[in-house]
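A single chain comes next, written as structure tokens; it is the form predicted on its own.
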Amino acid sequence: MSELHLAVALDGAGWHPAAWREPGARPAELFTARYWADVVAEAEAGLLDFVTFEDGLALQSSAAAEPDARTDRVRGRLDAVLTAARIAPLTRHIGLVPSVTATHTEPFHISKAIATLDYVSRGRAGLRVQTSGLPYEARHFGRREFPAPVGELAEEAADHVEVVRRLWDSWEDDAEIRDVATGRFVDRDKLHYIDFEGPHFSVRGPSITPRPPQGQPLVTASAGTVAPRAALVDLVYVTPRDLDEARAAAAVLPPPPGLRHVFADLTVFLDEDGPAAAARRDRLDRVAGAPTPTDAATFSGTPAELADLLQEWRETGLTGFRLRPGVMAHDLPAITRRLVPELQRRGVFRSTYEASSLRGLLGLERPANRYAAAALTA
């Protein structure tokens, strides 16, 4: 079996709603750069491929379709792209993948924001595309009627990604001349209009930001987010509940070259023994007042038991895992200091960072520029 890849999903004090009340959770620092720098540094010390930053366009809610009035849970968060940009110069190897809601944002803005993140991180930027069908989020913008027709959000997200990708290519790699003697900074012939026309966007281009160091930063999304054109993403997240669902998820997704990576999401509670992990999760549920509903499988056990599961699921065709620490202060160090060494002992995880870019860590080539290639064949 080839090596597996690992990412961590960062959200507040952890994925359990009572995580902020645990020892070491640092609730007073959740909106500080120091807190986020520390958790990303911990993930990088564990040689993880990347971290994702959760985001949204309304306050978190325990209810599926409306805001709740709970005051006993973390509410509010920092902007994911800006947080990643702040952390980028403090790290050297790990990928930084902020979440962006395509439903209410303009692809021109997202394209230059992620391109900028790729510059300040020197080639470690990614993008996690998500959609929103929530009427109370739409009311923050007032531009459209909700609920939207079935399938419209996925179609719109696919167009969003297409525009973002074209804008990244709108500057050829050698468009910047910077020739002081002749006074020419750019070669205007190597900047291209993208001229995208669709039902949701009409974007001419070119971008205001030169082509990013990776050419195309990593584009990720949950299965179904850009369903009409799944090949637009480099990595898709799935949420199997067991081995059979993992096998099914890996089997139905498009194979390479269209789609290169399939990561399973897992919420994890890790302790010295299985009963201790289960007891900790049960205690957190009691503090929260109810078991926490989740869209992904939840694992409670030892790091060695989790390593067994990851290896078993890896054999279905999944290429990696995005782990959601139940309690950031407890479960993130358990991932980096106990799970990772266990996987390394088994020979299925890296012992050092072997590439300087996020695409390199994931074994993905730097894409050619579509407009430069077109110019050569014209």
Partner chain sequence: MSTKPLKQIHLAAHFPGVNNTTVWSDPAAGSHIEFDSFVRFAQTAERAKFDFLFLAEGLRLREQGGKIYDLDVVGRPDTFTVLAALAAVTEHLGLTGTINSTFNEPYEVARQFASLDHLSEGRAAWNVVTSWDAFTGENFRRGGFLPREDRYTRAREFLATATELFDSWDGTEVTADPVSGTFLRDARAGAFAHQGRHFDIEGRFNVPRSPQGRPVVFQAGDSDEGREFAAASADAIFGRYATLEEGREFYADVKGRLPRYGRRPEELLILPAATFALADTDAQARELAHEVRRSQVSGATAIKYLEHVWNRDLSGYDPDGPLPDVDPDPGENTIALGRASVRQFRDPLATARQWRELAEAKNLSIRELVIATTAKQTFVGSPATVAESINSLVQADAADGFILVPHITPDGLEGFADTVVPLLQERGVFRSEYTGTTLRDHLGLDVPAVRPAGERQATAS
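All values reported here derive from a predicted model rather than from experimental measurement. Numbering follows the first chain given and starts at 1.
What comes next is about the form predicted together with its partner chain, which is not displayed.
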Residue within 4.5 Å of its partner chain in the predicted bound form by heavy atom, from A278, L259, L82, A304, is L82
Can you pick out, from S222, S207, T131, S300, the residue that has a heavy atom within 4.5 Å of its partner chain in the predicted bound form? S207
Residues in which of 53 to 61, 319 to 327, 306 to 314, 344 to 352 have heavy atoms within 4.5 Å of its partner chain in the predicted bound form? 53 to 61
All three of Q214, A230 and P291 touching its partner chain in the predicted bound form at 4.5 Å, heavy atom to heavy atom? no
Report whether the minimum heavy atom distance between A41 and its partner chain in the predicted bound form is within 4.5 Å. no
Indicate whether its partner chain has at least one heavy atom within 4.5 Å of a heavy atom of G76 in the predicted bound form. yes
Any chance H160 has a heavy atom within 4.5 Å of its partner chain in the predicted bound form? yes
Is H93 part of the interface with its partner chain in the predicted bound form - any heavy atom within 4.5 Å? no
Along 146 to 180, which positions have a non-hydrogen atom within 4.5 Å of its partner chain in the predicted bound form? E156, H160, W171, R178, D179, V180
